[in-house]
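Only one chain is included here, represented as structure tokens and corresponding to the form predicted on its own.
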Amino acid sequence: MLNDDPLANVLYIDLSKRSYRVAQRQDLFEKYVGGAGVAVQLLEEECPQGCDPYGPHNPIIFAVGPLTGLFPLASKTVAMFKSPHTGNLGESHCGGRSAVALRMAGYGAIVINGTSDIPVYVAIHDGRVHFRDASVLWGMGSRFTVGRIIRENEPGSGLRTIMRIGRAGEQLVSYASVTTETYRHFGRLGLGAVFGCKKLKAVQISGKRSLPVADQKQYRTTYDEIYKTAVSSSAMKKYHDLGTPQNVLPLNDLGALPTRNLKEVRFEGVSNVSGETLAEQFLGRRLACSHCPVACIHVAALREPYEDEPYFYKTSMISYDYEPIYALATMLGVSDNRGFLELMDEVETVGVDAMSTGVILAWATEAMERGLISEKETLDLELSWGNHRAYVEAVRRIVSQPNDFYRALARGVKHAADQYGGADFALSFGGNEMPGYHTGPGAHVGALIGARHGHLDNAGYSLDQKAAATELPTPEKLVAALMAEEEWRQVLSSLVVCFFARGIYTQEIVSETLRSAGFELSKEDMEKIGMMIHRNKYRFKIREGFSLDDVRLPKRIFETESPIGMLDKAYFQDALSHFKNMLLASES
């Protein structure tokens, strides 16, 4: 890496002591490049084995990569922490302005340790860290108001990022999220709860600087090539026009759209919540992350009359993507698009992960349908398919936790099913709630063995779609393909490149971009780094108690037909066995 590049600066913040320091960590960035690779190593260093995820020793780590601020679509920040939701690796990625702001502030990574004695927010600008009293912000009903107050009181307009939690994080809901720039999130695995237990309401970062490049001419040529590909690519145009909601109708037609807790795979009300309908009836604006020409963020404008003033309206701006549509519409049988947006707005306001919330409410609805729970547990709330008003109220109660049942829901679907029954239809993979794809074994095996147990680990659903057109690979070949993709994604998430741009950032292009940032890495070097990062993640997971022997396969996935037919449990067991052997072989 280049000598004058601030990427190697790691900012260490101690909330308990209200202190901070900066360390030069060229060793980490030269070995692991940045992003996910650096973050998991810092997590290994800073997180004591067996530490309480809600305790002061669980670190929050943010990291960016050498392409951040230099090239288009290198716009994500990686967060690492011990997950309060699964008890092992917590990893979440977020766009918006967070990555560029962190890089412009002069850091490649930030490590936050300790716990404050009062609510605080941290403001980082001008090379200094300020600890602000956030007592007045703690308990506010809307995270939107929190962001507005911080914007009005801190410098850096147009350059800063503001990461903040809502009431769910304060109440330690294990899948609470962290919001940046209103419409982007560190959504999965409970970073918001880690903020909450540290009494950390928000982190604001701003800065302004120039970044060095090795060869200005070569940098300009490579930049132009990436930019032109991004704005002319049909794949990227898809993300601009409809965004990921474009997937709703095709997955429904395919018979792969989880509906009513995956009892079905096609939704009769799908046209009401499709990307096309939402764009035609509600689209208010498109937004882009910093340094991205695509603008895939779609924001709905929901106009609602005030109850006591029929000619006065409020307009709520609500971002939507495929995964929230799956989780909060089809999974719950909600076909009323206004009702879906109202539910999405509540999820955004309190600050919980949309996917986990939808899967948990779907389990609760079926549990009530089957008589495992009653209105005694729900406190007279009738959870029934399509009843969005009941789901809105349920989200509020998950945050306020008025009884044991809602406290159980606040810890995830696996925990709730352990308490009340219904494990067979509790759609949890490695402790994380199911992503929105019932395309075949690739999607589910990918979620089971992926480091984060999410759909973005290895995109197993794309392997299913190829298999549907040809034939199902053997379990060994499926696992090999999943791992090859996941290991390459470790490289992309160390750069840190948006996975939507993975078709643009080929190995050849990555080599060229890294050369501009002072890195000389061959294809073999990148493959080695990708494998090393993946194994580091799994070592941390296993260190913290994760075992593939304990992974549970939800019975429901074998009861509902996929586009390639009914799934075979023996196939899954063979795939898991092969993956375990791969891990053992790589460690020997």
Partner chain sequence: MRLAVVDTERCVGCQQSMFACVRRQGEAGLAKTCIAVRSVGGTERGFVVIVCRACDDPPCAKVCPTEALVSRKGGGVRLDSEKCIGCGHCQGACPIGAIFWDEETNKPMICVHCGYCAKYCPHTVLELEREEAEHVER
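Numbering follows the first chain given and starts at 1. The model shown is predicted, which means the values in this text are computed figures rather than measured ones.
The protein also exists as the form predicted in complex with the partner chain; that form is not presented, and the subsequent description refers to it.
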query: Segment assignment from 432-440, 460-468, 475-483, 150-158: heavy atom within 4.5 Å of the partner chain in the model of the complex; finding: 150-158
query: Heavy atom within 4.5 Å of the partner chain in the model of the complex - residue from R389, R128, R370, R220; finding: R220
query: Contact residue in the model of the complex, from S210, N403, S135, Q281 (heavy atom within 4.5 Å of the partner chain); finding: S210
query: Y227: touches the partner chain in the model of the complex, heavy atom cutoff 4.5 angstroms; finding: yes
query: is_contact(Q216, the partner chain) in the model of the complex, heavy atom dist at most 4.5 Å; finding: yes
query: E366, heavy atom within 4.5 angstroms of the partner chain in the model of the complex; finding: no
query: The partner chain contact in the model of the complex: S511, any heavy atom under 4.5 Å; finding: no
query: Candidate spot F144, Y183 and C292, all three touching the partner chain in the model of the complex (heavy atom, 4.5 Å); finding: yes
query: In the model of the complex, residues of 495-515 near the partner chain [heavy atom within 4.5 Å]; finding: none
